[in-house]
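Take a look at this single chain, the form predicted on its own, given in structure tokens.
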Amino acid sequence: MARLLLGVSGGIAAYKSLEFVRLAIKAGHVVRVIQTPTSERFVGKASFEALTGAPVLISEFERDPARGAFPDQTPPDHEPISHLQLVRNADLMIVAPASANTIAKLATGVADSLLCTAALAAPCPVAIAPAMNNQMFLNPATQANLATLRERGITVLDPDTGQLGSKGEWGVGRLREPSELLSACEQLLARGVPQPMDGLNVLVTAGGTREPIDSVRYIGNRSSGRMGFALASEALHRGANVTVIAANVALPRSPHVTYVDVETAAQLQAASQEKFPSCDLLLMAAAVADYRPSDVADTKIKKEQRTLALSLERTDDVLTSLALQRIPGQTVVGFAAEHGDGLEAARIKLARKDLDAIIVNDISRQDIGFDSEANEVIFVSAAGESLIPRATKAEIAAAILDLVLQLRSAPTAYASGSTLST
């Protein structure tokens, strides 16, 4: 549990700050909120106060009924200076959204609002999450201000690329999703604190491979990489050293994770073979093509005939080949996307591929799976099955790693020298 001080500056993305607060409180944290006057034009104080159970401050001259205390604290018996007391009590301050105006003020030390004075006085870690139009974000002035803040030790949570607030606008500048902001905050808080996966080298494969037909077309699948990236983020949060082999994944990336980009099954296999010997845990979440075209055209195949026949050949089974090479101390976890009830097929794969565990999910359901924010899976090991009910992929990732850590600590686990296979 941590005390998070949230600064909200003006911008349409301020509505996402409400979800950030809800998620933070659900995760066990306590939150106080500071708003800029402009942000009130987008989200009112009452909404934040209802979620946090604490007063929201805007001006450095207004009285704080809680006298700088967070909801889990007893207020002091005197009236402290708000911007000093709030940051003194906070474990971390995050400004989300951080407008171009607020970023410029923080970079130049302007202290004309409670948010800015609090950030200047903060002894705790400070993070900012920019959100603005892409032209404003890419402007050299904004980029220079962000560089200045980074040099001063402030963590910049770079924005996503996507649809922006103004109709028809698309580009970089979209505020990161609230769950990602919370994960980043928790990772900052975890630095220097012993974590359950400290020292573990975790290798994650994510996304879906693409097998070329010609210079333009390919055979692919619908995997977005969200589940793999959620696992990587959760492992990082728990202290692991994380490497992700990303097959065609267009998702935000953490500066604290090592990424290897690949396209085809053969490239993913080569990268996995290189990284696997040094890992303690492999989470094989990528959707790897089972077949590829036997002959690939060097140019674009012209549309000159009514039908086109493709000859396909099997790709190598990457996971099986890696499992055969493992040594005591390594844990290998596979993933199986099944259409309908795939539990029996998962049990067969668990034994045939000699895995420690396999995660199975039903891709026939419309509310989970490919390119969805949610999932529901069954964790299958030699010890039995555990249903992880429908939740966000971040929550599913946390539950999976809880079970993996139990597996690694069990006396029958392969990690201790004996196989889980039957």
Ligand code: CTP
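Numbering starts at 1 and follows the sequence shown. Note that the structure is predicted; figures quoted are calculated from it, not measured.
This next part talks about the form predicted together with cytidine-5'-triphosphate (CTP), which is not shown.
Participant: Within 4.5 Å of cytidine-5'-triphosphate (CTP) in the predicted complex, heavy atoms considered, which of L146, V288, V126, L182?
Facilitator: Spelling it out, the residue with a heavy atom inside the cut-off is V288.
Participant: Which one, Q187, T315, N133, Q73, lies within 4.5 Å of cytidine-5'-triphosphate (CTP) in the predicted complex by heavy atoms?
Facilitator: Residue within 4.5 Å of the partner: T315.
Participant: Hey, in the predicted complex, does F335 get a heavy atom within 4.5 angstroms of cytidine-5'-triphosphate (CTP)?
Facilitator: The answer is yes: F335 has a heavy atom within 4.5 Å of cytidine-5'-triphosphate (CTP).
Participant: Determine whether any heavy atom of A246 comes within 4.5 Å of a heavy atom of cytidine-5'-triphosphate (CTP) in the predicted complex, and answer yes or no.
Facilitator: Although cytidine-5'-triphosphate (CTP) is absent here, A246 would stay clear of it in the predicted complex, with no heavy atoms inside 4.5 Å.
Participant: Check A96 for me: does it contact cytidine-5'-triphosphate (CTP) in the predicted complex (non-hydrogen atoms, 4.5 angstroms)?
Facilitator: No - in the predicted complex, heavy atoms of A96 and cytidine-5'-triphosphate (CTP) never come within 4.5 Å of each other.
Participant: Within 4.5 Å, heavy atoms only: does K353 come near cytidine-5'-triphosphate (CTP) in the predicted complex?
Facilitator: K353: yes, in contact with cytidine-5'-triphosphate (CTP) in the predicted complex.
Participant: Looking at cytidine-5'-triphosphate (CTP) in the predicted complex, do all three of L4, R32 and L115 come within 4.5 Å of it through at least one heavy atom?
Facilitator: So, no: the whole triplet misses cytidine-5'-triphosphate (CTP).
Participant: Only one of these stretches, 214-222, 344-352, 323-331, 75-83, has heavy atoms within 4.5 Å of cytidine-5'-triphosphate (CTP) in the predicted complex; which one is it?
Facilitator: Stretch 344-352 is the one.
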